[in-house]
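Following this are structure 1 and structure 2, which are two forms of one protein chain, each written alone as structure tokens.
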Structure 1
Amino acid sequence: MENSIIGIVGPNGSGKSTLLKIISGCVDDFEGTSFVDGISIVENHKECVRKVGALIENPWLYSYVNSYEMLEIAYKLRKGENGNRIEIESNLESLGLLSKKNVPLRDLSSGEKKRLSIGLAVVGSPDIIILDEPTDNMDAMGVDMFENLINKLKSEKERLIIITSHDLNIIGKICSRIIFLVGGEIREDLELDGHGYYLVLYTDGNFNPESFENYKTDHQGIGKIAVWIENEQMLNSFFNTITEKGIRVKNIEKITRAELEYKKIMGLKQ
């Protein structure tokens, strides 16, 4: 099992959700084959799905049951036994929903529902976790909680996490590999090295690109250059270079590699 976090990005209608539905076993009428750990998902649905936890689309959840009951049914079906109260409550706590465990789901906010949906996908600690647009409708606190959860899942055991999102910032931060999907086809498959980011410099145009020859750069047009920064030392050195070379900077923008590559692939204005 590959131990990594893969981000799948692409415009609406590029086939991200369909791909995840196939992998998670929601679709059994498709061309080609889909295997989980060497087992065909169509021929052995239950065995495969047991290894995969998935959040697909954006389910509204059942209105009248509460978050405890919702997690309880997930435990029952995934583990084949009654859910352990302590385990369920600890799960609710990590989702920030323990204080609302008896509240009917219709009274939860959309962000809280999303967090619960993610919690449902990770019940039973599956080897593969699939999350379709997990940060939609989430506030900053929710996104922060999501990042912590992903880090926790990553440290728990070797597993593959697949995430689709339009939020390239979060994808760039947590994924080790990004697949760009356009029109149902893989346009680019990128391994992300390290946890760096690009700083895009907007200048008056009077600078020599060779000033940044010691850096990994991406020329973005006249007076505009993106410089790859991997750590604080590199950042300090970068600012020293700007000062030494007397480059007049009008603006600086911080973007992830995912954002930069996505814009290039989609031919968007950078």
Structure 2
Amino acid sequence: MENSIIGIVGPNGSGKSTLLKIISGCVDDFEGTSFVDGISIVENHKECVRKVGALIENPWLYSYVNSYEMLEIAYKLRKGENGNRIEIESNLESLGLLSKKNVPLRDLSSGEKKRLSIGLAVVGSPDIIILDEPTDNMDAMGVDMFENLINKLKSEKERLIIITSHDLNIIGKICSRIIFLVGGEIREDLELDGHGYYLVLYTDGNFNPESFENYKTDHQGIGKIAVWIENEQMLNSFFNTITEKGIRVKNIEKITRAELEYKKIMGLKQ
């Protein structure tokens, strides 16, 4: 299994959560097939789901137990044995909840409960991790912790991580592949080749698009162009080009490739 992080994006009602429920074995009344390591998840449900950690919609949390005990329960269900204290506390620390490990879940904030729900999906080190809107209801600190956790999971072992989110910025930063789902159908399947971002340049229309012929660009109308930036050297060159060509800039917007492609696919105003 190759290490891969797949983002699934699309408007409300496009079938993202339903797809994740099928993949994770939460529903079995569907047309088609779903396999985990070549094994049918419908025919061998128990064997398959132990390899899958999933956060879909709002998971049920026992309000009377604490954070440590909740992860311990999830660990035992996944591994069939008592929880590994070192791993559980490591997960709590990654999620910023180690200091709350003895606090009953009813006393946690909604954002803290969301972070703990992510911990339920990753505890026990499953081969496949499925996260449905993991950063919903999170503050900036929580989103940063989530990004660090994903990077940690990538470095540990080969695994598949599938994420749905309306936050195209985080999807564009952490995913190696993005599937655009519209009306239950795949509209586009995009491989992300390396790290980078677009700078969308708003001008008074006085520049020649050929000024950026040495860059990967996306023309977006009169006086507006998106320029792909991969590193600091390219960024410096980009601003030098603006100065040398005498381009009068009204505004610059930084967006991920995921954001740009989604707007194009959905026909949204750039």
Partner chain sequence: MANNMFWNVKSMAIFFLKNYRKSNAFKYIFSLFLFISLLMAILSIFFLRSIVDEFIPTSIKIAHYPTPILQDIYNFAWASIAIYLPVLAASFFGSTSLSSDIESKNIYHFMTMPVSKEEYLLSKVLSCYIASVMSVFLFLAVQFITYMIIFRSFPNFSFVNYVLVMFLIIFTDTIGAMAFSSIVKKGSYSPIGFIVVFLLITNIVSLLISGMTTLDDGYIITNAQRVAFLIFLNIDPYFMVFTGSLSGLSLNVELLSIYIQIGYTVVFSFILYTVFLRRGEIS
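Each form is matched to the other, and the largest set of C-alpha atoms that superpose within 1.5 Å is called the rigid core. Computed from a predicted structure; not experimentally measured. Sequence positions of structure 1, starting at 1, serve as the residue numbers.
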- Task: Looking at the two shown chains, say which is the form predicted in complex with its partner chain.
- Result: 1
- Message: Using the rigid core as the reference frame, would you say residue 157 shifts its C-alpha by 2 Å or more between structure 1 and structure 2?
- Response: no
- Query: After superposition on the rigid core, does the Cα atom of residue 148 shift by at least 2 Å between structure 1 and structure 2?
  - Reply: no
- Task: With both forms fitted on the core, give yes or no for whether the Cα of residue 169 moves by 2 angstroms or more between structure 1 and structure 2.
- Result: no
- Note on the structure: Once the two forms are overlaid on the core, the CA atom of residue 85 shifts between structure 1 and structure 2, in angstrom, by 3.6
